[in-house]
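Alright, two takes on the same chain below, each alone as structure tokens: structure 1 and structure 2.
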Structure 1
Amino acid sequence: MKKLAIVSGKGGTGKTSLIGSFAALAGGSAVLVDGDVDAANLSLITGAKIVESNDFYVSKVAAIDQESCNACNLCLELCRFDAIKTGYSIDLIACEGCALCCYACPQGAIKMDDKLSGQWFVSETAYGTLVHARLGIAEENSGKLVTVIRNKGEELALAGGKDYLLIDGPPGIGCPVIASLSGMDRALVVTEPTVSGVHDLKRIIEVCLHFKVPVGVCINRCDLDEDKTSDIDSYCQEENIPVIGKIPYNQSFVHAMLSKMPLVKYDHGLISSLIEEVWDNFRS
């Protein structure tokens, strides 16, 4: 089984549209994982039906028993996250769940409660199983939630004798991206020929190389700025990174999304054949 991740650094470059198409092209031989647990969208274009839901408890949150608290102020002094509010209550959003206050409280007035950090799901789609999640709003630990669904995806792919594990990564370069990338056999970086696209491409490639994941690059909307596209080409050449696809700007990306379908199922023209080429190259 090959483990493939799609990342981008910059958001909105077309990761999810591409992976939806890859799933359709894989024709049931892939398990899909939506690693963007903040704002998961892959289920919207794959006709996902949830078959299993699980609560995700990973963090704890402090709670102060007002009766035993003698207002000694130690918790407030020690907390580095400004999570102890005046009147000795806990700011549930600021609390990181480190438990220092709980251990340190001379009165034993603070306990740590489990906190529901999100939910994760196994869904059946028209193109194979999808494991996805919904991180609680304003929660942390997105990296851990990505690890949970990724492991589940891997387990299902192995059990089902699938050829591919396909992960749709979140934007950025922080913890959920690292959790999506590490240990992958290959990553596809989807970029666009804009100053932001080029800047973010270089940073995400650095992260991929840091975690020793081989990279290929796909330039989406490649005709938006031909100079920037050739900048990307020459940067990739210097770094010895293959550019495995270039896709021109096309409205069928939006139209397919509005029809809630992967692009290759919606449009059978040039764009679909270009996407198919990218997929064949990426998986080989």
Structure 2
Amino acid sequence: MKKLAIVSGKGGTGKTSLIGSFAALAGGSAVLVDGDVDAANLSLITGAKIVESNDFYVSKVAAIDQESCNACNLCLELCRFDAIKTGYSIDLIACEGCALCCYACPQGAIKMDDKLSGQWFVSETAYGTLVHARLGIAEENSGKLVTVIRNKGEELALAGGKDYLLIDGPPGIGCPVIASLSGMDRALVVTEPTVSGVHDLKRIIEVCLHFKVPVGVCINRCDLDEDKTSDIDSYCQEENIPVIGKIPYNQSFVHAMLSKMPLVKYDHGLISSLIEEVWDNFRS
């Protein structure tokens, strides 16, 4: 089984549209993982139907036992987030789960309870099993949630004898991206010929190289700025990184998304042929 990750230094480069098409081209021989747990949307173009739902607990929140509390005010004085209110109740939004009050309480009246941080799902699609998640609003530890769904995806792929594990990584270079990339057999960086696109391309490639993940580049909307596309070509040549595909701007991506379909299933023209070439180069 090959473990392949599609990442980007910034959002909006088109990686989710590409991985949806890759899943269709894999012909059911892949398990999909949507690693963008803050804004998962791979399910939108794959017609996903949830078959399993699981809660994700990782954060902690303080809770005060009113019977044990002797109203010494120490927790009120120590809490820098003003999460403890008069009457010794906890403001669940303000509480950061630092546990200082729990350790400092002389009566042992404060404990740290698990807090529901999000949910993760296993869904069936026309193109294979999809594992995805929804992180709660303003919740942290998205890297841990990515690890949970990635491990589940790998487990399902191995159990089903699949050829590929395809991970749609989150944008950026932070913890959830590292959780998506580490241990992958290959990564595809999807970029665009813009100032921010070139800048963030270099950052994500540095991350891939740091974790020793072989990397290739696909330039989406390559005809928007030929000079910037040339800059990307030059950079990749200097760093000995293959540019395995260039895809021009095309409204078919939008129409396919609105139709809730991967582009290669919606349009069988030039763009689909180019995506097939990228997939063949990426998986080889």
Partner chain sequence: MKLLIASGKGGTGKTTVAVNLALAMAEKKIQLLDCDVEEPNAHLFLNPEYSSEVEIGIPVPSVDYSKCNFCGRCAEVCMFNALAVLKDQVMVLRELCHGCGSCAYLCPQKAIHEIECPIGQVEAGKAYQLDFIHGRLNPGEAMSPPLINAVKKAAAVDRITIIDAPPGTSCPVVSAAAGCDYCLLVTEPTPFGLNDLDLAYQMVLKLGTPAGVLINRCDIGDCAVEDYCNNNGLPLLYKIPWDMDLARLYARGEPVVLHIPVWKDRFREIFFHIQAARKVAMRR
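Rigid core (definition): largest C-alpha set, two forms, superposition within 1.5 Å. Remember, predicted model here, so these are calculated numbers, not experimental data. The first residue in the sequence of structure 1 is number 1, and each one after it adds one.
If only one of the two is the form predicted on its own, which is it?
Form predicted on its own: structure 2.
Degrees only, no decimals: how far does the smaller rigid part twist against the larger one between the two structures?
The answer is a rotation of 24 degrees for the smaller part.
Given the rigid core as reference frame, how large is the C-alpha shift of residue 63 between the two structures? Answer in angstrom.
Once the two forms are fitted on their core, the shift reads 2.8 Å.
What's the distance in angstrom the Cα of residue 86 travels between the two structures, core superposed?
Reported C-alpha shift between the two structures: 8.3 Å at residue 86.
Given the rigid core as reference frame, how large is the C-alpha shift of residue 75 between the two structures? Answer in angstrom.
Its C-alpha shift, to one decimal, is 5.5 Å.
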